[in-house]
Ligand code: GLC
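Listed next as structure tokens is one chain, alone, in the form predicted alone.
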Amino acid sequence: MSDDYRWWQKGVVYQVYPRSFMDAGGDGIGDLPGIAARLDHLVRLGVDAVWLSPIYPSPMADFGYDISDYRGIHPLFGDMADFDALLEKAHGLGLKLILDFVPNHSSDRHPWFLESRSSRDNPKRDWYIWHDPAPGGGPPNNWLASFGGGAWTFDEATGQYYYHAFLPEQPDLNWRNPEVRAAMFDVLRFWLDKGVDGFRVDVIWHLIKDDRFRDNPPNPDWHEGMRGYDRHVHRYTTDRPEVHEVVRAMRRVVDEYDDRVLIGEIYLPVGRLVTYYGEDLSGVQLPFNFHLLLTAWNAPDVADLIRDYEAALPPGGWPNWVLGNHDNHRIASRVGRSQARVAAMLLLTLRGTPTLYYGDEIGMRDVPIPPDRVQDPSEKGDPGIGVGRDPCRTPMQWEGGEGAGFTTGEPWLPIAADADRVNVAVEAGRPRSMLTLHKALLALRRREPALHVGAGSLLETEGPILAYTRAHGESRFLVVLNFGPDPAAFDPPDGPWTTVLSTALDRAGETIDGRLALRPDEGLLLRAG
């Protein structure tokens, strides 16, 4: 029965990037009171859980992923009373609240690191990863930082290097140290005691590094135009075998509390990704599956991905899908506005838990960022090759006019030029808008157990068509998606079928008993009988 599944299996997660969602203070940066003021939109949309990117005190070298206090709220976003009010309002509206947990690294201004770098014999020296220079001088090995350059920074005062997988301002914690684990697990308990419903764990596959500090091997596929970081295969700095014991320990902490969820950020091939479910499902409940972000947008490749991912899942492992987030180009920019509607139907009807990125429900696209307004350290570290993440982090478009309903001040990133046309207020009043499509898909998904917990079966297709069924009990649905710009046809199995929903929102009630004709860039959801 549907009731036998957890909320994180049946529901839909909605990611909020707090700086860009809603500014209640007028300083051009989103905040917690702003998020609270817009929760009604999420209820009307039909999602079930809100995941907040980091809101903790931070020098903002990487916009909150460099944390200086794991138990506080950055004044830009409000204070703890604002957080408590947001949590209470979310729960009162039936929404779950998921926080970002950033355990791989802290800020270099965190008190732990200030102690660690103060002397070689400080009790917290081993809370971070320190190493002597190489025998001939210079960094201990060839490890690289994700945001450009080497991953080792020399500390003049103590004569050693510290390791940072990202910016020098983000020193990596030493998760081999049991004191670090205990301190970070107490951070989890602090927020769980407040009542949060779970965590999305940042770069969880980075947590353990090689204890012999061996050089990473060269990447034979690297070429000009790729990130400098990708010159190497990161064999000794990510996805180490010992990381799974850490993940199991983290899961045990979360399991001390009822009905909470642990989600892991993991960019790995499918075969490695699914190992983070853990033996006997003792790892994260949802190792984030980002492969729809990385797979070529055509029916055969997406079908292969679905098939390979489902086959790789461990027994009982619950699938999940992501089409947009704060680190990747927006779906409407990647595949175009018409195919973005097809993508929405795909995301919200595949078996598993979907995560929806703020603004994708109205079809927001990447916003060009002038050079003098670039904020992202990733772009600054590897300029000119298109790795900057600012374009997908721009302010939410609530309404037309100056500020787009996001702020009364100067927004921290530019607002899209099309915000007068692409916004919540305009689309809420249009019966065939992208927002209306999302509401229809989410309402149907919530109403029909076949669509939120039902079995899925991929059908054999050709050309631009992707098709699959979802079934639960006596209820059976068929999803047929045309990934192409031309009309296409498909022969459904076991008719007749009745059209429930088209991505164009104009074909409900059609009876199909024979060949199904699809228009260009169209998706159809049909019910058996």
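The numbering used is simple: start at 1 and walk along the sequence shown. These numbers were taken from a predicted model, which means no experiment stands behind them.
The same protein also has a form predicted together with the named molecule, omitted here; what follows describes it.
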Worksheet item: in the predicted complex, do 291, 334 and 468 all reach within 4.5 Å of the named molecule through at least one heavy atom apiece?
Response: no
Practice prompt. With heavy atoms only and a cut-off of 4.5 Å, decide whether residue 152 touches the named molecule in the predicted complex.
Written response: no
Worksheet item: Is there any non-hydrogen atom of residue 62 lying within 4.5 Å of the named molecule in the predicted complex?
Response: yes
Worksheet item: Would residue 147 show up as a contact with the named molecule in the predicted complex if we use heavy atoms at 4.5 Å?
Response: yes
Discussion item. Quick check on residue 202: any heavy atom within 4.5 Å of the named molecule in the predicted complex?
Written reply: yes
Worksheet, complete the sentence: With a 4.5 Å heavy atom cut-off to the named molecule in the predicted complex, the contacting stretch among 178 to 186, 292 to 300, 325 to 333, 408 to 416 is 325 to 333
Response to the item:
As a check of understanding, the residue in 423, 353, 170, 394 with any heavy atom within 4.5 Å of the named molecule in the predicted complex should be identified as 170
Worksheet, complete the sentence: Checked 166, 128, 358, 83 for heavy atoms within 4.5 Å of the named molecule in the predicted complex; positive is 166
